[in-house]
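Read the single chain below, which is given as structure tokens and is the form predicted on its own.
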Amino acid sequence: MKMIINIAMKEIKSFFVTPMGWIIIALITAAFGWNYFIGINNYFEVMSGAIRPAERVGVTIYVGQTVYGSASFLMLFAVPLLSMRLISEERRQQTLPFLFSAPISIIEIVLGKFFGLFAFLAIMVLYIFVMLSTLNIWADIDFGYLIANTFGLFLLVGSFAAIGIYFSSLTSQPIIAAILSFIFAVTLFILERYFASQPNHWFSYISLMKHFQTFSRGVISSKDIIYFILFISTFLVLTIRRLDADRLRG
């Protein structure tokens, strides 16, 4: 556990010492802020009188849908750029053999890098929660809705991170790793849209966004939590097996 924490801390620091980390976090948080502003502005325009009181939506749901909906899409672009160098950079600089020879297991290496990336992404997810919580200054908001969406977004970005670290383990070129992980994630989104009209199709059961939609409605479901945990675990295991094969080949 200590080695996992040490590797995670090293990865977190590496994000803050490179321009890429600061640029991504600045752009993403700015985009969240803009969607927050748009959501509030639209809320007052739409709810001011054109809709009957019985059909009006609370400010938490109206603004939250705008921000969390855009967040899931924006993270699709951000995570591949952040995860691309986690292992591929080690391979490119030929430092993987030193990691393999160190008194640390491959499981600890993978988990340390994963949790380092996840902690960095968590900063942006928590930023959304804090930003939306400021609505409570002038309105009664549904914190249960915010907590459910935040928890679901944690699981979704964790899934993106697991995908990213796996593709980072396949190549020595970070940009190729980013492209592959992005294409894979986008393909899942496209297939989910294609089979959206067939709710009983087998793909609907493995769709990331279908399981995230439960949280986006303000509901925390144990089956969706288990799905995300299994999804993340699958790609982490694939990464471990990939690195273990590299170690055996020397």
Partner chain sequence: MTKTLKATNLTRRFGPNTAVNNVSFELSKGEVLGFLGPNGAGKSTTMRMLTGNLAPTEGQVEICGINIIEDPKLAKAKIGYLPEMRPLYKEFKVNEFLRIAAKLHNVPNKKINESIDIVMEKCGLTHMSNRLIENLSNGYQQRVGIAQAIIHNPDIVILDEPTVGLDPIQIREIRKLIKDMGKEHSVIISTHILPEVEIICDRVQIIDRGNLVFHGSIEDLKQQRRGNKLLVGMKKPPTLKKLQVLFDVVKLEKQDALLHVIQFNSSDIDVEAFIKASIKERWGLFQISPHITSLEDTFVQLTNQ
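Residue numbers count along the first chain shown, from 1. Quick caveat: nothing in here was measured; it's all calculated off a predicted structure.
Below: the form predicted in complex with the partner chain, not depicted.
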property: Exercise: Ser101 in contact with the partner chain in the predicted complex, heavy atom 4.5 Å; result: yes
property: Contact flag, Lys13 vs the partner chain in the predicted complex, heavy atom cut 4.5 Å; result: yes
property: Partner proximity in the predicted complex: Val17 to the partner chain, non-hydrogen atom cutoff 4.5 Å; result: yes
property: Contact test in the predicted complex: Asn136 vs the partner chain, heavy atoms, 4.5 Å; result: no
property: Within 4.5 Å of the partner chain in the predicted complex, all of Pro97, Glu108 and Leu248 (non-hydrogen atom); result: yes
property: One stretch from 167-175, 84-92, 127-135, 141-149 that, in the predicted complex, holds residues within 4.5 Å of the partner chain by heavy atom; result: 84-92
